[in-house]
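Only one chain is given next, in C-alpha cells, and it is the form predicted alone.
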Amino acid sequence: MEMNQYLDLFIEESKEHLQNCNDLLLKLEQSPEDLFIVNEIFRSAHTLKGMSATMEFNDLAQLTHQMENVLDLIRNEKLAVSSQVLDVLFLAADYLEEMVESIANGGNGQLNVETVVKQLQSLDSNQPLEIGNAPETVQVGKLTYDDYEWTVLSQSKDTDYQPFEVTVQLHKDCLLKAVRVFMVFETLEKNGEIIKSHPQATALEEEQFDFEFTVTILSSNTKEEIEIELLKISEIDAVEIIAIDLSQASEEVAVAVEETSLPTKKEVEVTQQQTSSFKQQSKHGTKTIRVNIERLDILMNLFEELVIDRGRLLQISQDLDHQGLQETVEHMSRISGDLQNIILNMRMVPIDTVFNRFPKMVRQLAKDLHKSVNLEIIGAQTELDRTVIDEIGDPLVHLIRNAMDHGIEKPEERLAKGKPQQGTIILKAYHSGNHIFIEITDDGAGINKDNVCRKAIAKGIIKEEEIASMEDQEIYQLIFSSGFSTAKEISDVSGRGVGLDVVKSIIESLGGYVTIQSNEGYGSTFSIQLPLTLSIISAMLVEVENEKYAIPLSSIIETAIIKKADIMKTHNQQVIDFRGKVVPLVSLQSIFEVNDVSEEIPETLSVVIVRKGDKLAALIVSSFIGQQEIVLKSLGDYLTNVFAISGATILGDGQVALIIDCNELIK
C-alpha cells in the first residue's frame, strides 16, 4: 500500500494526539483520582497506536502499546497515580514525540526505547507488561473487537445509542467499489459513529475485498432508518443490519471482558456524559477542513498581486477622472477589502499552538531547578498570523526559562520573604488594535538594577558615567545585550550569555519590540508587542526629496508640521518638545543619503512621530502622500542588512517604495 499520500495527515494527527496526552497528563497530576482523564489519555494513546500500526511504524506502535498497558492498569484501579508513574508516562510521551519528529524529518521513526520500556514494565512488578500478555479481543456478532472497541460499545449500553453491525452487498458488476464504500461510510457517519470495519478502511479504499463488507456503528436511529438511507446509494444489492445485544453478549464474554480490562463503574458513569452529547455534535458538526499551508501561502501571494493591481487601478481612475471607472474601482476595492479580511483570517492561528508546549516544559524545569512553579495561561485562543506563530516560539521559551531561573526563587527563599512557597508565572496574550501583546509575568525576585549596571560595565556594554542619565527601561534593556548574563553559575538553563539577545533580535525582525517592567523583590513583566500580520500592512506613504518611502501605521503616533524656531539642540542632537517630552529629530534625507543634504533648515518641517516602546522619534520628511494598504516584499538575499529598511512595496504607479523599520531608527 502506498502510504506517502497519508503521511502528512498521520504526522499532523499524531502530534495532536501527543499534545492531548501531555495536556491531560498535566491535568492528571492535579487530579490523580479522575478516571475520566485517564480514559481520555487511553483513547489518544490507543488511536495513535492504531494509526502507527496502519502506517507500519511498528516501533512507535509498540511503545504506545506499552504506555497503553500502564494507563489500562490505572483506569482499572490496579495502579495508583504517583509522581513516579507520571514521570515515566511523560518520558514515554517525550520518546513518542521524538519518533514522530523523526518521521516528519524523513526518518523511519526508529529509536532505542529499551530504557523507557523497562520503566513502563517495572511500574507493576507483579505483572510484567509484555505485548500479548493477556487476551485483547472479544467475539460478538460477525466481528471481533479489541479491548478499546469493546469498551466503546459497552459504554453505549445505558445511553440512547445502539450498536449495529451493518453488512453491505455491492452489485457483482460494480466497477468503482471504492467510491461506493466512500458513499456508504459518508452515510453511516451522518447516522452515527463508526467503530470498526471489516475489511479495514485501507483495504476497502484499495478495493481489496470481493463485494461485501461490514461496518460497526453506534447510532440513535433505528436500523430501518439506516437501511433506507443506505439503499438510496446506487449499485448496492442488499443491506443487512444486526443490532448487537450487549446484555447477552456480556454474559457470553464475561471472562474475556475481565481479562481485557473493561472500564470501571466510575469510568463508565463519567464517559456516558460525553457519549450522550454525541447526537447533538453529530447533527451540528464542526464544519472545518484541513488545508495544506502551502495552498494558503499561494493564495496569499496571488492576493498580494491583486492588492498591487488594485492600487494601480485606483491611480489610473484618479488620473483619468472617469466617473464610471471610479465607481467600478471603488466597488472592486470594497470587495477586495472584504476578501483581504477573509484571507488574513484564514491565516490566523490560535497562539495556543505555541503556548501548549510550555506547561510540560515548566513542570520539568521546576524539577531540575528544585523549585515549585505554577504556570497560568490566559488568552490562549488569541489569534496571530501563521508567519509570526512560526517565529515566536523560541523567544517565548527563552523568556520563560529566564523567569524560572532568574526570577522565581527557591521555596525556602520565598518562605523567608513571606511569599507563597509556590511561585507563579503568568503567560498572557491579547489583542489591542492591529497588534498582539504577549506578557510573561512572574512573582519572583525582580531585576536588581545595580547588579545589571555592574555587569554591563564589566562587559564593556556601557560606561560608568552613563548610568546617571539612564532611565529604568534603558537599564532593563541592557539584559538584551549580546553576551550579557547575571547568572552566578553556568547551568543548562542559563548563564552562558546566550538567549535574550536572540529574543530581541527575533522580535524586532518581526516588526515588534519587547519592554520590561520590574519591581525588585516582587517580580517582573516582559511585554512583547507584535503586528497581527506581516504580509499586507497599513502604511503612511511619504516623500523624501524625490523618493517615496512607507512607514507602518503601527509605529506612527501622529504627523505634524513644526517650525524652525521649535528645534532645540542637546548633546549634539536636534530635538523638539512633543507634548512635554523631548523627542530627537531624525533626518531621513541624511540617513538614506537622498541627494545632497543641505545644512540650511527650512522655516517649517514635516515630521512623522514614531515610537518604539516608550521611546519616540520625529522623522523629517519632504511631504505626506497618504495612507495606503501595501504588500510587504522581501529585499532578497542580496540586500539582507540594509539599515532601517525592512522591505519594499510596489505602488499603484509602478514605483517601488522602501518600507522603513522604525525600530532601528530609535535608540
Partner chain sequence: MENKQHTVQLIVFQLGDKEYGVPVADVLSIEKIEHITRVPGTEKYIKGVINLRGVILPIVDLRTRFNLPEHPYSQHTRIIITKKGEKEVGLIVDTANDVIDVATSQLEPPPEVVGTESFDYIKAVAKMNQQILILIDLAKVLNIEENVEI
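For clarity, every value in this text was computed on a predicted model and none was experimentally measured. Positions refer to the first chain, counted from 1.
Keep in mind that the form predicted together with its partner chain is not shown, yet the notes after this line are about it.
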*asked:* Considering non-hydrogen atoms and a 4.5 Å limit, does its partner chain approach residue 301 in the model of the complex?
replied: yes
Find out whether any non-hydrogen atom of residue 601 is located within 4.5 angstroms of its partner chain in the model of the complex, and reply yes or no.
no
Using heavy atoms and a 4.5 Å limit, would one call residue 53 a contact residue for its partner chain in the model of the complex? no
- Interface membership of residue 11, its partner chain in the model of the complex, 4.5 Å heavy atom rule: no
Residue within 4.5 Å of its partner chain in the model of the complex by heavy atom, from 426, 88, 308, 194, is 308
None of 556, 594, 244, 313 but one has a heavy atom within 4.5 Å of its partner chain in the model of the complex; the exception is 594
Exactly one listed stretch (405-413, 383-391, 542-550, 211-219) reaches within 4.5 angstroms of its partner chain in the model of the complex by non-hydrogen atoms, and it is 542-550
Contacts from 200-225 to its partner chain in the model of the complex (any heavy atom within 4.5 Å), listed N to C, are none
